[in-house]
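Shown below, as structure tokens, is a lone chain in the form predicted alone; questions about how it binds or moves come after it.
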């Protein structure tokens, strides 16, 4: 049996049995971060913190929400918003958090693309991040249905209908997802279970795995320099000013806390003064399967992929418009997973130091903004053609990425010679 020396205090007693000191070294005081990174690297911490806000506010809402088609709408819009003390506040926090977290995710994702954070052994970091994007999308979609308003109902109808386009199993899959032949009480209870239990647990595991994937290759830096963390750690212990790295705790964490504080000012400004952007006015009408809204659209963070889905509004040969849109939508959802292999240049550097990739990156941002704007507009006349052109542009941009990055690599190699 192990012999433990006498402990002087609770902390020492726990350390003897749980080796907390070693855990702190691995996770905090000897977990090294490049010194030359900016506030954009705090997005991961902000994302994790916002998820905690959503969990806490969601628990309070769960106390009064009723997952029943006859009671869900009233439990949200009357019981929580008007009868429960500060119920309105928790709903505003939850609604704003659900929207803002995608802003953070997109900033985090495009920061990784801009600085090439998926290269040189960091592929698993990227893939785990894309897994989190899928899980957060599932959480957002399942939660959007719970208020059981008009837009909730019809968004659920449209999105679940997409699975009907899958060959052979599509129709059966739609019925299985809905729990019925149409969006009904069984659909609501299924999405309620997904939203409050299954997907949050998967997200917690996904966040833990994402942080774990950072352990071996460490995070990237602004210049793309390949840092020898072992040597730099020794330098830091001798003279912190000479080293290119800093410990996660307390040095880098202090920077994270500052950025988080600024973010929370912005977040609670939205909660108290601009919460309406996170609550669609159409959704304040109770769900009615006999009354289709004039224009159905998802939340802003899904608009770009929704526009790709509906961007193809005419048949091409034997292919129907709906089938083409479904293929394009599937492409849009899957293609980002392959960024580490589509970018064929071995150079790890920010986009502003890569002559071709720089233009590709900013054109892609513009295309996504256009898709997002037109995804909320009625798909008629000029809007339909702009949406079609933007959808084609999105597909073409990723199709040419391997070509331009290979050419970039040859150009850079030729210049060095």
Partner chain sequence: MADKSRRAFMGKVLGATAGVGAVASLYAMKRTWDPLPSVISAGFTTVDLSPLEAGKLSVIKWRGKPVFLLKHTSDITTDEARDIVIGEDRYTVVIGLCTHLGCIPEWRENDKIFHCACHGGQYDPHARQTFGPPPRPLDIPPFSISGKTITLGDEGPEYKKMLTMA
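Predicted, not measured: the structure shown is a model, and the values here were computed from it. Residue numbers count along the first chain shown, from 1.
Beyond the structure shown, there is the form predicted together with the partner chain, which is absent from this document and is the topic of what follows.
Contact annotation: of the candidates 121, 330, 289, 205, the single residue with a non-hydrogen atom within 4.5 angstroms of the partner chain in the predicted complex is 289. When you look in the predicted complex, the only residue of 346, 179, 170, 281 with a non-hydrogen atom within 4.5 Å of the partner chain is 179. Using a 4.5 angstroms limit between non-hydrogen atoms, residue 135 is distant from the partner chain in the predicted complex. Using a 4.5 angstroms limit between non-hydrogen atoms, residue 190 touches the partner chain in the predicted complex. By the criterion of a heavy atom within 4.5 Å, residue 162 is excluded from the residues contacting the partner chain in the predicted complex. In the predicted complex, at least one heavy atom of residue 194 sits within 4.5 Å of a heavy atom of the partner chain. With the partner omitted here, the stretch from 81-89, 121-129, 135-143, 179-187 that lies within 4.5 Å of the partner chain by heavy atoms in the predicted complex is 179-187.
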